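Just the one chain here, the form predicted on its own, laid out as structure tokens.
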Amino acid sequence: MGESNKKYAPDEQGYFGDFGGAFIPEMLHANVENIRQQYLDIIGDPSFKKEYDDLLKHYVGRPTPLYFAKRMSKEIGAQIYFKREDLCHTGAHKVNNTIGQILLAQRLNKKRIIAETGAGQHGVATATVCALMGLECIVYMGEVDIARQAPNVQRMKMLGATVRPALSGSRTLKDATNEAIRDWINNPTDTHYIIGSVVGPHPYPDMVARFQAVISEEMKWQMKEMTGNENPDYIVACVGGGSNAAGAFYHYLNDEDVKLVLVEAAGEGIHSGKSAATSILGSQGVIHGSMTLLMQDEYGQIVEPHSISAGLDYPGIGPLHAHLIKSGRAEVYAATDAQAIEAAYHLTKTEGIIPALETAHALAILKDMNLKEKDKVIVNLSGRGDKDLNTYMEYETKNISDE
């Protein structure tokens, strides 16, 4: 579990530099404050740590491997390693956080769990831990995402969750988050909201990052074991809200010699009007309870994002990442839909690993990084591609018909 990185930890008000805080309606204040006052004591308690670690080991399947990709390394001309979060139970890193938050919810005496989901991986991970603990689960998901992530919707239902469609706006992740917040306002006493990324009001960005920090905690000793040095030269991760990136970066934040690389979704092109490249197109503003970088027009209205990957189809970015970008600690790239799909097929045929579309964005930019042969690069392989097979197949069919 993550411990504070002084330079990049939130202050008392939950700010990472200029970003963060808790911008919430009065009716949510008691809920959020209840968590803020207790979360550090709860997750620092030895009995909590033991239960959390036991579940990560025996239920989730941690530690996940750090895999040296020989063929891809030869092609790229650098030493490429994959942190295999796709091998976690439920198929992505999301379960690291839902295990932590379900244990927190139990200690806060909450009986009903709500969540939002885009790609469906967080929804599945939430439904999974609710089934494990016997708690009621409601997952909000945009109508568009329900259609494009059908396998995950079926999983959630099989696990006993109620999936409620968000029908407003672009009917994607942003709108599902809006619906979940409304639910929490209406059910303040018995409900815990498991936010799936490092977004939302303080303490969520810090709390989710701490639960995901197990990723970089393992990377350190795995790199040491494999190379003799726990520090790689680069860590690369895709970013929508940014929980997989926060987890992969966490224990390296203060190691300035480790370069941190975020990869956003450029959609049909950064300036095409159909993009989710938040840090490039965005400006400072408030979304879903925190001050961060977001895509907005001159009147402060949200600009609808677009990405072929439901998990990156979000108009904001976590406040920690906004701070890392503004301070120059992290570098940002953007990959288009087409580049991500091409990278996914390339990894599949080169290393026999089918990645999630989200992860594929991180893979897509490796060839643009001007890497040297001695460079050690860890790519956080945040999820597996089963959920995206329909999208991959549609692309394959279209390409065949276009030939």
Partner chain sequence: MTKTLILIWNTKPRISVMNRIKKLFAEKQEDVLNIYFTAGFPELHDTGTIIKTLDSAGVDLIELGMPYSDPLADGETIQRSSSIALKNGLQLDLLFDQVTETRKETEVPIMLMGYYNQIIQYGQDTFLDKCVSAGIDGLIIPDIPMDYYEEKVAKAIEDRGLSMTFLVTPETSDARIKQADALSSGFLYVVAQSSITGGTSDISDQQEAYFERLNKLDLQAPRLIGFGIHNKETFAKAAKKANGAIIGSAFIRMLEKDGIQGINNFVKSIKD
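Numbering follows the first chain given and starts at 1. Being a predicted model, the structure only gives us computed values, none of them experimental.
FYI, the form predicted in complex with its partner chain isn't displayed, but the following is about it.
Exercise for the section: Would you confirm whether the three residues 30, 285 and 291 all fall within 4.5 Å of its partner chain in the predicted complex, going by non-hydrogen atoms? Expected result: Answer is yes for this spot.
Practice task
May I ask you to check whether residue 174 falls inside a 4.5 Å heavy atom distance of its partner chain in the predicted complex?
Solution key: Because a heavy atom of residue 174 falls inside 4.5 Å of its partner chain in the predicted complex, the answer is yes.
Handout entry: residue 273: touches its partner chain in the predicted complex, heavy atom cutoff 4.5 angstroms
Key = Residue 273 lies outside the contact set for its partner chain.
Exercise for the section: Please check if residue 74 has a heavy atom lying within 4.5 Å of any heavy atom of its partner chain in the predicted complex. Expected result: Heavy-atom contact with its partner chain at 4.5 Å: absent for residue 74.
Practice task
Answer with yes or no whether residue 179 is in contact with its partner chain in the predicted complex, where contact means some heavy atom within 4.5 Å.
Solution key: Heavy-atom contact with its partner chain at 4.5 Å: present for residue 179.
Exercise for the section: Could you spot which one of 108, 185, 135, 144 gets a heavy atom to within 4.5 Å of its partner chain in the predicted complex? Expected result: Only one option qualifies, and that one is 185.
Exercise for the section: Please pick, from 87, 131, 302, 223, the one residue with any non-hydrogen atom lying within 4.5 angstroms of its partner chain in the predicted complex. Expected result: Contact residue from the list: 302.
Exercise for the section: Name the stretch: of 185-193, 251-259, 119-127, 156-164, exactly one has residues whose heavy atoms fall within 4.5 Å of its partner chain in the predicted complex. Expected result: Contact-bearing stretch, as computed: 185-193.
Handout entry: Residues in 208-222 with any heavy atom within 4.5 Å of its partner chain in the predicted complex
Key = None of them.
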